[in-house]
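Given next, in structure tokens, is a single chain: the form predicted on its own.
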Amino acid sequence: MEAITSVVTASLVGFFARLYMLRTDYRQYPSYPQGYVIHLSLGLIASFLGAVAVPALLVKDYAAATFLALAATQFREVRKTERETLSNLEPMELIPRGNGYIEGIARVFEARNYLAGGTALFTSIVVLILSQYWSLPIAIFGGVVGGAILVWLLDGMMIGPKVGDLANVRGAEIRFTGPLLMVEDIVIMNVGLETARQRLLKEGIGVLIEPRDPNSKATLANLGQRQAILHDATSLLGVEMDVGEPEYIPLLRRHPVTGALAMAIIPGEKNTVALLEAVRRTPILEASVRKPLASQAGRLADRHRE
């Protein structure tokens, strides 16, 4: 009876953990309701597999426990499926996410299935242990509380750094030197049409992203990270451009010496404060993280620069 109760309780806790981690935000993914059905179904499967692992080991049914290895293989396929889905949708984006952002999203969806299974496994262990000393209702309550605490901790640990943690983000002046569009001293692009220049000066907003150290400088230099910043900014504030208007495409250019990034954009909502906050809250992609200061050569180069 205790084993069945632990499996049912753990499966439900794991399922609700996956439901808690399933959010549709400004990234507009997963889609509703089809995406919800797919991910919740996989979350329920992961939860059940995690819940039955300990009871199966207690009765020495080692074959049942090997299903965890099979589940890991299937969840790797989740990453592949999400990557392919988002890549197929990429041409429809006015400002694309970029391959780095897509890979990061795919990894998150794979990891959340593991978290659902791990939560169910932990809940099952708590219920089985408590049931040896207290009544079954108390054991169930303890398992639910323990699973909820674990979900809260794990979900918090999955929140990575943002651009605002690595760099100072501030507004900057947009100006022209001849036909060259510049944000402070960084050249963005050549704008030939006078009407486009006047519109950029009137409606555009300049943003300067200044890395705080060599690690930040190397991370923000990644092209995928720069594309992610552009995508998030335009997703949140919109952009006043359409297909076939290259002079209004928001761009991020890098200062070759300081590593600072400059962006010129005509947002749908001209709100500098909101734009700066959108840039600060852009997640740092796992694939873009660089830490040259972790090596002896990087530290020597940094000291030489100073």
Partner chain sequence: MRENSAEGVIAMITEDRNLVGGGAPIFYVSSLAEKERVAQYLSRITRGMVHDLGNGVYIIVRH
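Since the model is a prediction, treat every value here as computed from it, not as a measurement. Residue numbers count along the first chain shown, from 1.
If you look for the form predicted in complex with the partner chain, you will not find it shown, but the lines that follow are about it.
At least one heavy atom of Val243 is located within 4.5 Å of the partner chain in the predicted complex. Proximity of Pro91 to the partner chain in the predicted complex falls within the 4.5 Å heavy atom cutoff. Of the heavy atoms in Gly156, none are within 4.5 Å of the partner chain in the predicted complex.
Put simply, His231 is far from the partner chain in the predicted complex: not one heavy atom of it is within 4.5 Å.
Stretch-level contact analysis of 207 to 215, 114 to 122, 134 to 142, 190 to 198 against the partner chain in the predicted complex, using heavy atoms and a 4.5 Å limit, identifies 190 to 198.
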